[in-house]
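Next up: a single chain in structure tokens, the form predicted on its own.
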Amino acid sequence: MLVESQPDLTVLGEADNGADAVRRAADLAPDVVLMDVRMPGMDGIEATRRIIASGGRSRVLVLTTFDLDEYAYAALRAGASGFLVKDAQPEDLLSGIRVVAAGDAVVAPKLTRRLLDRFADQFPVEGETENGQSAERLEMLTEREREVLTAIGRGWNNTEIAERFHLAESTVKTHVGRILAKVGARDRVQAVIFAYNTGLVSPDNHG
């Protein structure tokens, strides 16, 4: 009802479980899939992984029961473009859908900080080759881009970054775009993960 009340949003379909969600996403090719995590049969993590792996246009926004459901990080690793809590304010949910549809990610600053804290010991240990590649990508960044990436990793939004570094928001957006391209990140979620995996951000320095 909430989505249908918006003139720019349309509900194309609904699914009862993960397997059904994968089939419906393939048939309907929605811009955004609102994905629950805990479902009978195939869960939302596997469904997200399959939808993203299919190479279709659909982007996934995961809805969690709690602000940091234990599966939130797994959902992001599976390719989700972000996550929101089910009791989020209506305007936040609608905004999240629009942001993801536009190709960006929903990474609420407070949730990002807590995500890093809670899942610090669960980030996968990358192989030497991948670590080397990450280091090489990090070296490609200018000093300013590294500062902005660190801020992204800390969960700051563009407005906060612009204020901190005395930049125009348009300049910050340009920096963010270049950073994503250089480090091979699809969106801000992956940029946060990259910043964490390369040591730019850690639980004791993200405040």
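Note that residue numbering follows the sequence shown and begins at 1. Each form is matched to the other, and the largest set of C-alpha atoms that superpose within 1.5 Å is called the rigid core. It should be emphasised that the depicted structure is a prediction, and the values quoted were computed from it without experimental measurement.
The same protein also exists as the form predicted in complex with the DNA; that form is not shown, yet it is the one meant from here on.
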**Touches the DNA in the model of the complex: Ile51 (any heavy atom, 4.5 Å)** = no
**Request:** Verify the contact flag for Leu149: yes if a non-hydrogen atom of it lies within 4.5 Å of a non-hydrogen atom of the DNA in the model of the complex, no if not.
**Result:** no
**Message:** Taking the DNA as it sits in the model of the complex, is Leu28 near enough to touch it, meaning that at least one heavy atom pair lies within 4.5 angstroms?
**Reply:** no
**Prompt:** Is Lys173 one of the residues lying within 4.5 Å of the DNA in the model of the complex, judged by heavy atom distances?
**Reply:** yes
**Message:** Checking a candidate spot here: are Leu34, Thr65 and Ala78 all in contact with the DNA in the model of the complex (at least one heavy atom each within 4.5 Å)?
**Reply:** no
**Message:** How about Ala29 - superposed on the rigid core, does its CA move between this form and the one not shown by 2 Å or more?
**Reply:** no
**Request:** Once the core is aligned, please say if the CA of Arg59 is shifted by at least 2 angstroms between this form and the one not shown.
**Result:** no
**Prompt:** After the core is matched up, is the C-alpha of Asn17 off by 2 Å or more between this form and the one not shown?
**Reply:** no
**Request:** With a shift of at least 3 angstroms, figure out whether the C-alpha spacing between Gly155 and Gly55 grows or shrinks in the model of the complex: closer or farther?
**Result:** closer
